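Take a look at this single chain in structure tokens; it is the form predicted on its own.
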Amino acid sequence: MFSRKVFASALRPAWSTVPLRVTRPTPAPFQIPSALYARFLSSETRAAIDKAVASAPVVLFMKGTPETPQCGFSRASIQILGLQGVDPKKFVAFNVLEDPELRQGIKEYSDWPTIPQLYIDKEFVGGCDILMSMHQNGELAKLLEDKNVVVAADQ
């Protein structure tokens, strides 16, 4: 019979060549449930965003202005809306870089983490990735025509 001491010493060289790695599961980052966002959005900011969303049939919250977008995603969104023929009289854009409260508030308002954000007829459509996808598959053209916000072909 092997004693515990002899058995352990016989295996010691094998143990020393195997690196000891303790793996622990990486904790998930702390996230606030989206249902709680509404409570952090002040009533004044919510009212201001409600008013902005209702200010035109097509509303884009973006970084910069349509003439001088300040990020590639905002530029792409403006280009898509231009390609779709959105009537400038029915379109308004808000520069979130001018107001930090608006910049954070719009993310909480829509429960969407990125900017730009498009609203059509007071309804949130999505960000640049959603616009791009809808543009490519024809859904955006149909939605804009149904909402009657494109420039008429005879103009």
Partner chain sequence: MADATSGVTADLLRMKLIEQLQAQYVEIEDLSGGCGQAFQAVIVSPQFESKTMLARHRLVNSVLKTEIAAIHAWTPKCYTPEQWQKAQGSA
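Numbering follows the first chain given and starts at 1. The shown structure was predicted, so the numbers you read here are calculated from the model rather than taken from an experiment.
The form predicted in complex with the partner chain exists for this protein as well; it is not shown, and the discussion that follows is about that form.
Contact residue in the predicted bound form, chosen from Thr68, Thr114, Ser55, Ser42 - any heavy atom within 4.5 Å of the partner chain: Filtering the options by heavy-atom distance leaves Thr114.
Distance check, Asn95 to the partner chain in the predicted bound form, heavy atom within 4.5 Å: Because no heavy atom of Asn95 falls inside 4.5 Å of the partner chain in the predicted bound form, the answer is no.
Exercise: Ile130 in contact with the partner chain in the predicted bound form, heavy atom 4.5 Å: Yes, Ile130 is a contact residue.
The partner chain contact in the predicted bound form: Leu60, any heavy atom under 4.5 Å: It does not: once the partner chain is placed as it appears in the predicted bound form, Leu60 has no heavy atom within 4.5 Å of it.
Close approach of Arg103 to the partner chain in the predicted bound form, 4.5 Å, heavy atom: Contact check for Arg103: yes, within 4.5 Å of the partner chain in the predicted bound form.
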